[in-house]
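Next up is one chain by itself, shown in structure tokens, the form predicted on its own.
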């Protein structure tokens, strides 16, 4: 196969668009789509200045998605004094897995010369995920514990680092899976929350002053293209699945989407595009309705709708074992 743009050997074929692209034009295509998403979501505020730059914190796990995101953001904003990028890595305490990905994070942050913060469950909560999985006091999947702890640390440290924006490396496959899961669950209110939390353009979301806004600049890029980009640029990504990963429903949805995409190229793009519109309408419908007031957790002070937040209740269960 030859590249449609220059005639050199193609490194990929995008079934959803029919495009054949060489190394150079493939990388340019990925970068263009990420930058277009940054513009369309309004991530760079008009009032950002060199004297008062916008601070962006990237959740850098060391996996392909966050590493590619960090690299493209650095390429885009390294010489733009209006944007200050910081990398935040969370060590969950998973032997033989997270240590290697942390090494990748340290290497990349050094290569890009960006400030890098490393925090751990053990230091912050006194627990390691390996031990949580062994004890499992709530009878839940490991991801259920880890997701709560990880979100808490991302939010806490984004606030500590005075971030204006928290960026994560969710790709097109991730977003299509979440969209389909919410649709199959019939959870329209969750769609509304999704839109205001991280999906909608910043200017169209409800005000959520209690939390640092989130954004996902990679969400137009298919997972395989993210992996190929990381490979072609020889980025220090740790491409290995977590040994505790066990989100059964998401796994089923992932397999379904892969089959649909193979049979009907463009399915993921169509799902996400339609979902975004429905989520926007849902946000208009549910915004302000039956939304519990936020309060400070009696244990840790984080924002919650209950007296004690979910994280602290889980930690209490774990420590009681």
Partner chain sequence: MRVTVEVVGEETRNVDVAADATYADLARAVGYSPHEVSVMVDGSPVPEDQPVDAGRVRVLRLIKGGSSGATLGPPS
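Residue numbers count along the first chain shown, from 1. These numbers were taken from a predicted model, which means no experiment stands behind them.
The protein also exists as the form predicted in complex with its partner chain; that form is not presented, and the subsequent description refers to it.
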Specify the contacting stretch among 75 to 83, 123 to 131, 110 to 118, 220 to 228, defined as having any heavy atom within 4.5 Å of its partner chain in the model of the complex.
-> 220 to 228
Do residue 273 and its partner chain share at least one heavy atom pair within 4.5 Å in the model of the complex?
-> no
Its partner chain contact in the model of the complex: residue 1, any heavy atom under 4.5 Å = yes
Verify the contact flag for residue 240: yes if a non-hydrogen atom of it lies within 4.5 Å of a non-hydrogen atom of its partner chain in the model of the complex, no if not.
-> yes
May I ask you to state whether residue 205 is within 4.5 Å of its partner chain in the model of the complex, using heavy atom distances?
-> no
Check, residue by residue, if 25, 32 and 267 all come within 4.5 Å of its partner chain in the model of the complex, counting heavy atoms only.
-> no
Of 99, 138, 159, 247, the one that lies within 4.5 Å of its partner chain in the model of the complex (heavy atoms) = 247
Which residues within 195 to 214 place at least one heavy atom within 4.5 Å of its partner chain in the model of the complex?
-> 211, 214
